[in-house]
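Same chain, two forms, each on its own as structure tokens: structure 1, then structure 2.
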Structure 1
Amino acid sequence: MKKLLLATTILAGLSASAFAGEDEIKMGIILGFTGPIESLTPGMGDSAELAFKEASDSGILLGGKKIVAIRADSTCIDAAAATAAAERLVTADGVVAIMGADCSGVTTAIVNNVGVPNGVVMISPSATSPALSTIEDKGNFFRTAPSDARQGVVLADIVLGRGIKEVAITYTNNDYGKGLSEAFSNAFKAKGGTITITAAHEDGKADYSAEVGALSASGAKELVVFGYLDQGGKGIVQSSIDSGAFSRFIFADGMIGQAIVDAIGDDLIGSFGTAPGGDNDGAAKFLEIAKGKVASDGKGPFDGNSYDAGALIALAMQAAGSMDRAAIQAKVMEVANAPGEKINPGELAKGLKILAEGGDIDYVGATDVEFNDVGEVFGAYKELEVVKGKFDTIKIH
């Protein structure tokens, strides 16, 4: 009986803390705070909360309401635990919308098992699997990270455009890496390129010398890395440079970030890659406001996307003029897409004001958000190249 009493007390306390005040809006953030990408998620969570805070501090969100973010753990890999966590957010905490999830596998599970049945809007900052484009989401699922299918094609064009005809590929062995690798290979081969070897690597493993050995033995001079900059991808790059196997690398978005330049140093000069983003200065503005407030100072690969996901939810809610889930869903496209006044990071107050006055906005954000008809960003891509100490944008594709 004691156990029961104790549990009841704790649960009662829990729900007491969860009861929102009149002026509070509860918002869910579901990311893999434990598990394989646990090192990326604190920055992503902070970025989304930064957007929520900005909207709350404006004092005009739905007439002065405050957003209270409730975090839940998607574990990145365990669909069952992620579903239960999302269920808790939606049915117990009663969040109005969800920013998340992160990894494509758990995201699919949450959309199918929680999002769609309950009619809750979900905006994922980082689920990039092409399979999510065709998911039956009834208009509930959006993502601020573009599908990998397009990035593969863009990157293949860039590589061939630089006169590189032969590459080796390594990808992180999950749906992100594999999907991207296939999209890239198909485009690259169709346009006359040769792929000498495609080798998967597992994240979080002890040693990558075997992969690097096999990749280098294939005879290619350039290595395409579809991985994460603080995971196996970094291990592969480090090991390749150390052993002199490759000196130039081609990256996709998961590998683009200041962290890898800092970690590897000058040996990376000349390597290039793509990351989602357009020719706006939103990304720079985001870095400005994120500095010191976000775990990774906003430099993580999906921090900008997370801020945008959070901002979009707040703006859509303002446009809907209510906390009703269905009403929010109906407005996401509208605030994200043209026409309307362009809104950058740090200008949420301005956007909220225009919406409150009945105007129209076109949220641009850190990653140049523009949704297509299935609710995912079109994906303008930046071509970036490493110069002394940082990535420089060369061109927009």
Structure 2
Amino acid sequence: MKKLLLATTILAGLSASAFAGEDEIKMGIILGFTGPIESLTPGMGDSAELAFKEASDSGILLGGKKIVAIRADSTCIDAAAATAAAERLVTADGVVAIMGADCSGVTTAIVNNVGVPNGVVMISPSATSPALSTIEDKGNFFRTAPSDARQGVVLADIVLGRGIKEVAITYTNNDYGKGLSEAFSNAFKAKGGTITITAAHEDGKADYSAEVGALSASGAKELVVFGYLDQGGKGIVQSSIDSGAFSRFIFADGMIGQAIVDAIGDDLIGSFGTAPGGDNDGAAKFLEIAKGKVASDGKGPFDGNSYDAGALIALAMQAAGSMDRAAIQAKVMEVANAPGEKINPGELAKGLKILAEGGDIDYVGATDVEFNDVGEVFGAYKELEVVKGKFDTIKIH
């Protein structure tokens, strides 16, 4: 049923694009609407579309044009399928830019095989692999979520700060899991921590008892899970609880979401982790405008990043005064960074008007956007803990 609904959504998007007139702008959204983070992506897609709608409803975007969003499924894990979906967006649908992709492996594949060859700007809200910092993107790839090179250090500090000196680690066997595991391990060991075992796991298995048995046999009492909340990571956690191997878990962003709390229940109380996000005025404003309009009311771990990615594309297009792909690419850094009038969520009309009049803006957004020279953010992280049936923010790092 879920795949049928997705197909219906995509077909609706394709139909809308097929009849898009000269006053409409086709924009791609490619996320894993099926796969290991499928409980997160509805909110991410909605958040980007919220920004597109805000820009369209202003009546100011390129003299009154409207954005038509076309969704495609990255699957999060199948690079070939993700590349084919992105290729359709670019060639058949003729999108001018792409919000996405999401998971690091498929994002890398799309950048290399579609984004760069076609000169299409991609702004990912959630691809966090450190390897993406050095990808040969010819200036076409940006991300509003910070690199796991930073998340690994932040999480290591949090774990050690809680007095935990020894852990076992399991990670999903892909670019995201490997990069995050390495960043965390290096930081944790450099600051005096001990890792008893580091073991990969595959997504999509029905039984994780063997993996959990090996992790438990290492002697660690705490388990770090660098996986996905709708796939292997969830399976590892459930098997650990069922066997009594581990009772508290340490997560990173791929495991943060209400779906896993709902699935596991009270056994997850006390588990903690990190996800991108801050506590600035823009974050509060985003939650205000997202309530009732975005799945999870904009509280998903990458919802704010997705809104920001969508907003940046619209603002860059306005700064360029054109739907030309190369012209959009040339203006992303300019609208994202100082100097200029600061723009928060809900203020896109203000930003579009300033740009239309030849002024400068500094888009701050929901996640305090400021790009470095390779188009990625330093970013802040939330320290979250499961309390009374949900992830509560404990502190901002």
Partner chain sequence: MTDFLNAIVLFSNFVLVPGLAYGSQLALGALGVTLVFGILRFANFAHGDTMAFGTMITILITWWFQSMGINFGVLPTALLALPFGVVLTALFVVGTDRVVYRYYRERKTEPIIIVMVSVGVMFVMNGLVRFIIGPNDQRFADGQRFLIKAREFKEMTGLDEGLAIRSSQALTVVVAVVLVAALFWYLQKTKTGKAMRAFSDNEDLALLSGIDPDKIVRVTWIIAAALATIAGVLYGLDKSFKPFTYFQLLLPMFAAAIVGGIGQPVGAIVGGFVVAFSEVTITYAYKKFLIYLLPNEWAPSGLMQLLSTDYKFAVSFIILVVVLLVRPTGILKGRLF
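Remember, it's a predicted structure, so these values are computed and weren't measured experimentally. By rigid core we mean the largest C-alpha set that fits within 1.5 Å across both forms. All residue numbers here follow the sequence of structure 1, with the first residue given the number 1.
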Structure holding the form predicted on its own is number 2
Honestly, after the rigid core fit, is D93 moving at least 2 Å at Cα between the two structures? no
Has the Cα of S243 moved 2 Å or more between the two structures, judged after a core fit? yes
So, does G152 move by 2 Å or more at the CA between the two structures, with the core held fixed? yes
Distance the CA of L229 travels between the two structures [rigid core superposed, Å]: 6.5
